[in-house]
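Just one chain follows, in the form predicted on its own, and it is written as structure tokens.
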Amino acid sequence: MPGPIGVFDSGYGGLTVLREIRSLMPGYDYLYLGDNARAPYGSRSFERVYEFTQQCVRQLFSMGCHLVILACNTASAKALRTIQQHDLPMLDPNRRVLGVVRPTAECVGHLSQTAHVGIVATQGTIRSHTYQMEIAKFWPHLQVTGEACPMWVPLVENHEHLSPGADYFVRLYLDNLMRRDPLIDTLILGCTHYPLLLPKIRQYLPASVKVLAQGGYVARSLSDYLRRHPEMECRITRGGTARFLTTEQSEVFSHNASLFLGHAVQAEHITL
């Protein structure tokens, strides 16, 4: 039986990806699951991130999703490959789980003129070296430098991302990155929370550095995937709806999600 496209994130950042996907493909149904009660994932171990991500994917599968997008860089870096290679053959080989790292890695080589690319992300994503490995598959000539930004997600989650106090931490991490490689001309925002910091990120970067936010690239990659896989496309319902689930208090999620999406959201609490 057809079902919605599942979109998973540990918190709110995946809403920036969902927003771009719905903008490009508004006709499909979507089911968003935020594991906010256990966020953030960025500092957790590989084993714990995999455990939590697998639980959420199973939940979305049980609710009718045949295709799930991990709109979380940490989950994509630490859990996606194991879920694809180990879990899906046992759960249902006809279902699919896709991440946000590969679509970004595929396009970055077209943007950089100096062949020097920077990545800002959570500690977990940086330590996994997933971006370096994925980019090397498509663009082995690129030099990739990563910088962990552990304070950026808390700033966004606590609605302090536009406050004067955020400037210190935005400038700190960007200065560290550019000091390590002054030739960087393209910066990947390797966390779906970070687009909300874009005004300050642009303020403290050289004007020549291009900033790559993931949402649009993930949306176009998903659209292309469905075009190339009609057998999956026909398993997705088309009603133009979006339903929101959270592991925290639904009222809190609804309020915060509305700030990310720019419109009112009515979320449902779920226990995993």
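This one's a predicted model, so the numbers in the text were calculated from it and none came from an experiment. Throughout, we count residues from 1 along the sequence that is shown.
The same protein has a further form, the form predicted together with a small molecule, not shown here; the description that follows concerns it.
A residue is said to contact a partner when one of its heavy atoms sits within 4.5 Å of a partner heavy atom; P40 meets this definition for the small molecule in the predicted complex. Within this chain, T122 lines the site of the small molecule in the predicted complex, having a heavy atom no more than 4.5 Å away.
Contact between L187 and the small molecule in the predicted complex is not found at the 4.5 Å heavy atom cutoff.
For V153, a non-hydrogen atom is located within 4.5 Å of the small molecule in the predicted complex, even though that partner is not displayed. Note that among 191-199, 170-178, 87-95, 133-141, the stretch whose heavy atoms approach the small molecule to within 4.5 Å in the predicted complex is 191-199.
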